[in-house]
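The chain below stands alone and is given as structure tokens, in the form predicted alone.
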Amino acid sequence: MLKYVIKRILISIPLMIAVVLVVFLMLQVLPGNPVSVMMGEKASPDVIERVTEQMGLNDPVWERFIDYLVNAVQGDLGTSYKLSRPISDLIADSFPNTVKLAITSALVSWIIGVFAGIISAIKKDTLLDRFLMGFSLVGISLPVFWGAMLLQFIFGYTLGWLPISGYSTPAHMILPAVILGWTSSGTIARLTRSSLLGIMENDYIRTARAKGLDESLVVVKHGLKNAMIPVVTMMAMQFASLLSGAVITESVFGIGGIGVLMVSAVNTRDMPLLQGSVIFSTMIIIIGNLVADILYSFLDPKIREQ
């Protein structure tokens, strides 16, 4: 098991370096001089040229990449052109809000998804099964921005039960967590249902039924334990994706998270901030996939033996 974990970590290192390289090169080919954006239209060409030289932007691309990679390993992602603050500090200020949103949304997604999947599997091909699977399909297909604004209009503007935007109190977390959790729960529900239905066809399930055990006990005690292995892996991957920033949800509800930070960087053409935010979000997803792989091998004895 330890060898497997070390192997997965070693594989992830060149992948992380490749991601940094791709993001770095993509932003290098964008038109425009970042110094001109930083200093404004009124800056003279001589001043722009001098500042460009001082910042090392005239150096070869490979040299700038090596410098950026070395600094990134040390936690230095550069400085924002527009805000004149270290990008690591800006991410550190925004990331806690994204973590709160990710945790609350994940809880909503897991609770709805797992229970809907279990009930659908038990009530296979019934009206309740079709309703729950239809509900999960709507969650998967529903545009997040449309669902978010609909909840804001109903529960915030019309009924006045919940705040529409911001993230200062627990009440502010409800609407964004519900819409983001609902859109994520559909995948969990359908995966739980299909996995549980496949497990329920095994011989040891038939043996448990032949012993006269109650159907709910057979499902929970014997079937659900094995059926949850791929579901737990999907949960870990979803949570990592949520940690990387829910751009639309954060923007609609005015949550100052990683997603809003990236949108702000795009709007102001703050390339170092955009680069640092994208790389940080991508690293979160890579680490999340690594954790999911390790968790899957830990839960499944067959993977450990291989």
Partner chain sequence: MNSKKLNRAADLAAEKIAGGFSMEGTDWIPEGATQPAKVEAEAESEIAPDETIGEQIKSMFKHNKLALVSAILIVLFILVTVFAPIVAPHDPYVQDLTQRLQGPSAEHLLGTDNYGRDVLSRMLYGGRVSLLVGIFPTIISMTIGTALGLIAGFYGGKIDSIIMRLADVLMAFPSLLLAMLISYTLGNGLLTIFMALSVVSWAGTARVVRSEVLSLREKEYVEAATSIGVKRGTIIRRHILPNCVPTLIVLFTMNVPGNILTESSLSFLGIGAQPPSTSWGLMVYESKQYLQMTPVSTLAPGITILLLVVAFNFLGDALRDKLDPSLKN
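Positions refer to the first chain, counted from 1. All of these numbers come straight from a predicted model, not from anything done at the bench.
Beyond the structure shown, there is the form predicted together with its partner chain, which is absent from this document and is the topic of what follows.
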| query | finding |
| --- | --- |
| 4.5 Å heavy atom contact with its partner chain in the predicted complex for all of Val19, Leu137 and Arg190 | yes |
| Contact segment among 146-154, 104-112, 72-80, 91-99, judged by heavy atoms lying within 4.5 Å of its partner chain in the predicted complex | 146-154 |
| Proximity of Ser141 to its partner chain in the predicted complex, heavy atoms at 4.5 Å | yes |
| Contact test in the predicted complex: Ala265 vs its partner chain, heavy atoms, 4.5 Å | yes |
| Residue contact check: Thr282 to its partner chain in the predicted complex, 4.5 Å heavy atom | yes |
| Exercise: Arg64 in contact with its partner chain in the predicted complex, heavy atom 4.5 Å | no |
| Partner contacts in the predicted complex for 255-278 (non-hydrogen atom within 4.5 angstroms of its partner chain) | Met262, Val263, Ala265, Val266, Arg269, Asp270, Met271, Leu274, Val278 |
